[in-house]
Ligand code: LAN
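As structure tokens, one chain now follows by itself in the form predicted alone.
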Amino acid sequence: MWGGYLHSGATSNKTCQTFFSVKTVVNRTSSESNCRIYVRAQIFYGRTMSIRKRGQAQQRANGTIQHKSHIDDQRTDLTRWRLEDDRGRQTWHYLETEEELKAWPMSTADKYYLGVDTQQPDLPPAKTPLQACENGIRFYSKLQLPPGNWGCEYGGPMFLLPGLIITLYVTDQRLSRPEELEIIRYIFNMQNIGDKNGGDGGWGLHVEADSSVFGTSMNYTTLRLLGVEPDNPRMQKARSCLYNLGGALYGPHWAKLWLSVLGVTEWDIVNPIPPELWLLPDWVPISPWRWWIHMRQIFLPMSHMWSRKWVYPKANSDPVIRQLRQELFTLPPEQIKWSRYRNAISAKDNYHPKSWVLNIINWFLVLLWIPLFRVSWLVKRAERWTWKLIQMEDANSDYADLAPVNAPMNFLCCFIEEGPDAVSVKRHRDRIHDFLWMSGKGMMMNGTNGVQNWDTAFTIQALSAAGLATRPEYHEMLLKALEFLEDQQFVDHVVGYTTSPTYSDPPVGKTTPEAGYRHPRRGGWGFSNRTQGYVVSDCTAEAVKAALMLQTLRDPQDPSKPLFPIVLSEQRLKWAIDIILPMQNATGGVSSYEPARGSEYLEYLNAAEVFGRIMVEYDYPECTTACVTALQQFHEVYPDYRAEEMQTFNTRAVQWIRTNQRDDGSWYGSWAICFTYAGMFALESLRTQGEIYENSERVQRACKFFLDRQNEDGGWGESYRSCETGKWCPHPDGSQVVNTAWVIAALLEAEYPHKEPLERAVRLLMGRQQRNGEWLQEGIEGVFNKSCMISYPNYKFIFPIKALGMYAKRFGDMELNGTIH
């Protein structure tokens, strides 16, 4: 039955053998008979596993984990997968026929993403930093997609696929069989088996994390819904891990909600999420419009689902659900008093414990509000309003939604409200593919629908910083990238904004319920593509910088002529500045999606438990620097446009950067790991105000912070534990290419005068480069909300290219033995 999908790939790990058998089981319900295919995998290990203690930092990072076992025998034929990029909408397709294969050849990018040999030729060995830089560009340029952007996996979180698969299951929909097979393979490949995180058989919050109840219960459930049987040895191992953690009763809030939707647990286990919160007047300090955009757009559909207490209709007759009720808990379900476990949570999941304030609120809601005051007319009004806000979110993003956490939730709400045949349900079902990403490890769910705008803007800047943007051989690549950014700029307003009381041109940082509480967006850029619909401060700023870098270049052969056409008009660039200026907070710093609207005290209401700093927007050195440098660059080209406002903005912003520096000279990064990342941005900000190593004590402290942590091999390596702990944690695998490139760029921005430590770092980058020009994947690079890591695989190209080029410009492009080129 699976003959067209199976591919028996040879594995280089001869110590592990995997054997699969297919079993057809007929599940009969009162209304139908249907067949489900189950995979039965028996895995035999022929080598001893090395087990480490729980909590000990793992010795392998993302991309370098050497699993003792891979579910590689039960997979699709990787050479049949193709990535389609339709104006930045990236979707993977499995080709079934030979005719399809002939009509759609495999690209170099396809091969690279899938871990197939790209067959790129060896390049002349680089003897100088600029030669290494150009070798990197030659390889990386082959990964540019037809619309002009670069794609990549944006994986890492292990709680995304479960929400999708549960939603599809309870709405009686399925992915294609190739997609399901590869999701199974991916989840198994991310399991903590062998020497990965102690080998206890569970899953963590992200791919490098220790096992948790959230990760283990959700991924176990996902595999069962996709047809993996409970007697699979890997599943038995996972259950053992889950039981050691206390069972699914000790999962966080989000896990309990999804299991209640599925009918595995009862809704009594879920702490209240009343939609009446959305009826609070805007002036109330805890009103949801003041929350961080991700928090409010996730808790919006969650509150709607909680209020409806919707449960999978076939839960009591579905044998898989009935079995899960037995498999996920250490007690028989009939003995469980569900309400007693509302606040139960494993220590491994409890990164941000519920505050006493939240516990009192939950007590009030359960004992007083719900039984005594929650009248039906108020509930109906609240549900109507949350449903309206959900519809506005779908309209503003063409059903792509903010991210893959709220997207399946909105999908389910549409199913509940409008039924299986509704246009909204069909559109959501189609949009699912925007988040799925195929790799050599299987099919994952990206953290957004891509990083298209972000990586493309950084790529342009890298070549410009390296002094290579005028080279003829890179002109077409850069022009396509510029045209992509032009195509992805928001040129329309959010739904309801133009008729709202806060509409103005240029916009201000105010919002209203008529606009869905959204920040204005015309002129901005998002993180991924225009469809997703959310403007981001630093994404807008980096796109402006990239466009100006190219559009202000003069032709080296004829300086009277521009080298690149004016793709983004002056008016469009002014729109972007109009979006950035109202993003500044009262502190002078800049947040991500919108100005801060609520107090940090709202963290007392953080119910997510597994994340920190999630309730409101914060000031970020990364976002602040991006806006400072974009405004300065724009002012140099268009000095008369809102000049005084931009000067005020930058003065206040850089002053915030100064005050945000720690005593040891560092800055804490919130969007990548961690001190190396933020320090690069902060020093770039200070340079715009003339602060460099020679004249600034704070810049000297920042440089000392980095130099004190340089490894013997010349590089820097920082663990994701830095993000969790707020303290520098060295990477267990030593120096990392990306961290090293960030520090090189930081020291060069600071105009650090001594060449020797920089040359040592450059030697490391050159030594890690492969003969075809690429750098291999090392540790995971990104983070959000302090505790969850996420991948930025293109960083290993973008930032080494930038750092090597900057070094060559500063110190000359000479062989490291002293010969000048």
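Start at 1 with the first residue shown and count on from there. Since the structure is predicted, the reported quantities are computational estimates derived from the model, not experimental observations.
There is another form of the same protein, the form predicted in complex with lanosterol (LAN); it is not shown, and what comes next is about it.
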Exercise for review: Report open or blocked for the site once lanosterol (LAN), placed as found in the model of the complex, has been superimposed by the C-alphas surrounding the pocket (blocked: 3 or more ligand atoms within 2.4 Å of a backbone or C-beta atom; open: none).
Suggested key: open
Revision key, fill the gap. Within 4.5 Å of lanosterol (LAN) in the model of the complex, heavy atom basis, the matching stretch of 510-518, 657-665, 596-604, 443-451 is 443-451
Review point. Has each of Ala132, Tyr474 and Trp742 got a heavy atom lying within 4.5 angstroms of lanosterol (LAN) in the model of the complex?
Key: no
Exercise for review: Spell out, yes or no, whether the shortest heavy atom distance between Ala761 and lanosterol (LAN) in the model of the complex is within 4.5 Å.
Suggested key: no
Check your understanding: Would Ile298 count as a contact of lanosterol (LAN) in the model of the complex, using a 4.5 angstroms cut-off between non-hydrogen atoms?
Key -> yes
Practice item. Using a 4.5 Å heavy atom cut-off, state whether Leu581 contacts lanosterol (LAN) in the model of the complex. Key: no
Practice item. Please run the contact check for Tyr792 against lanosterol (LAN) in the model of the complex: heavy atoms, 4.5 angstroms, yes or no? Key: yes
Review point. Between the options His93, Arg342, Arg234, His294, which residue brings a heavy atom to within 4.5 Å of lanosterol (LAN) in the model of the complex?
Key: His294
Exercise for review: Name the single residue among Trp385, Trp306, Phe705, Trp671 that comes within 4.5 Å of lanosterol (LAN) in the model of the complex, judging by heavy atoms.
Suggested key: Trp671
Review point. Quick one: which residues from 536-552 get a non-hydrogen atom within 4.5 Å of lanosterol (LAN) in the model of the complex?
Key: Val536, Asp538, Cys539
